[in-house]
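Before any questions on binding or motion, here is one chain by itself as structure tokens, the form predicted alone.
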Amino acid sequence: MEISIFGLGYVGTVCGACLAKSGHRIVGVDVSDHKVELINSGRAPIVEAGLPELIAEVVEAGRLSASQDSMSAVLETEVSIVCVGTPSRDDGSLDTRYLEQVCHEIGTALKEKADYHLVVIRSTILPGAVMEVLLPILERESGKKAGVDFGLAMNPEFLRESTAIADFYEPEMTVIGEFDKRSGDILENLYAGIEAPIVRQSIEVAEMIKYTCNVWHATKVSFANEIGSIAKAVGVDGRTVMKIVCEDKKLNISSYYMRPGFAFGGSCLPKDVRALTHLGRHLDVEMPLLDSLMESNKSHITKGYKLISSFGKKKIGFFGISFKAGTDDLRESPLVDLVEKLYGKGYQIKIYDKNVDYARLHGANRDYIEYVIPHVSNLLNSDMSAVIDHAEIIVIGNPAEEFKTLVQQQYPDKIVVDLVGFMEGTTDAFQNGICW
């Protein structure tokens, strides 16, 4: 393909050189005459292992060049990839002026072009910005329509400095956020020969994936540092602790706890978070991330309450209140906290949970149910149909398989609140997800 890359910084230079190595013809565009001169002389404008040799090779082969002429770059190529920076402003917000300026230039060039052209945003941009900010600029300046006269896609990058070339050719995944199928097909073809899963989603999902990955990485660094600080304070090598923790690929380093849903609970997580953070405070260890966990969990219970109360209906049917499906354990169940909050505000509640109902009569948790939360015990009903008939709002509390049917049918006179993720789609007029 003939490809123009706007922005010859870290991402643009690496991508341009790698795509040229793959056989495409690349023209890089940058406002810096120094960067343009370096590229055209076969030299790298940034420090990155293997990049000087790669640039020298593809420039000599005639597959990579650089220019300051954005008009010619668009007119002479089929695809434009935007890699300009999106730095932080002083208040933490994203500065998109360089990105907007490039889209202005591309749109102006598209006005003079008869052929279909694909515009790919590779710069890191907040969810909604491509469709709400950049698309209007492209359409206004070109006088053309996306999906008809030109294509549009979001293609976040996951290149690490010092290993960027290897990351380009051996990614864990290639994410394509597509305006339409034609845009996605062209962009996917760009990565032919690279063995990695292709993930095609909406532009907004692709934007959000990039931020989620980076913030998750930052969270892991902060978590490991705070654990290491507590470990050192008690005479333990935190590096050894975290190395062993990472050996567990079933729970610790896995997707197991990585699904949006309701708050955590049970006999272990809340108790152990409180105990470790109490120890840290006793040892004068600063741990802002760990200290925030219980407050974050509490705020999610409040979010569930606000969602349910927003409908202005008083009859609630809860399906599952144990903290986890397949158990009768109500200790520190966030669902019990939610029920108690609603009950205290005068809501008429009935609960169906066959495991808890059994425990009320026979199980080891009978004393807890009868003496610690007797008011909740009195709300239990063994007839699932009766609870459905009672409810104006159906709340799915845990992912017991029997509750799937509650989202597979629509109740014209009821609202479904899904706290576990049974819904296949997102919130609509009949079903409401806690995080979707």
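Treat the numbers as computed from the prediction; the structure is a model and nothing was measured. When you see a residue number, it is the position in the sequence shown, counting from 1.
Note that the form predicted together with a small molecule isn't included here; everything after this is about it.
Of the candidate stretches 109-117, 343-351, 153-161, 280-288, only 153-161 has residues with heavy atoms within 4.5 Å of the small molecule in the predicted complex. Using a 4.5 Å cutoff between non-hydrogen atoms, Tyr98 counts as a contact of the small molecule in the predicted complex. The small molecule is not drawn, but in the predicted complex it has no heavy atom within 4.5 Å of Val395. In the predicted complex, none of the heavy atoms of Ile81 sits within 4.5 Å of a heavy atom of the small molecule. Interface membership of Gly7, defined by any non-hydrogen atom within 4.5 Å of the small molecule in the predicted complex, is confirmed. With the partner omitted from this view, the residue of Asp337, Glu105, Asp357, Asp149 that lies near the small molecule in the predicted complex is Glu105 [heavy atom within 4.5 Å]. For the options Pro260, Gly128, Gly326, Gly85, the residue carrying a heavy atom within 4.5 angstroms of the small molecule in the predicted complex is Gly85.
Contact with the small molecule in the predicted complex holds for none of Leu269, Ser292 and Arg331, as no heavy atom of theirs lies within 4.5 Å.
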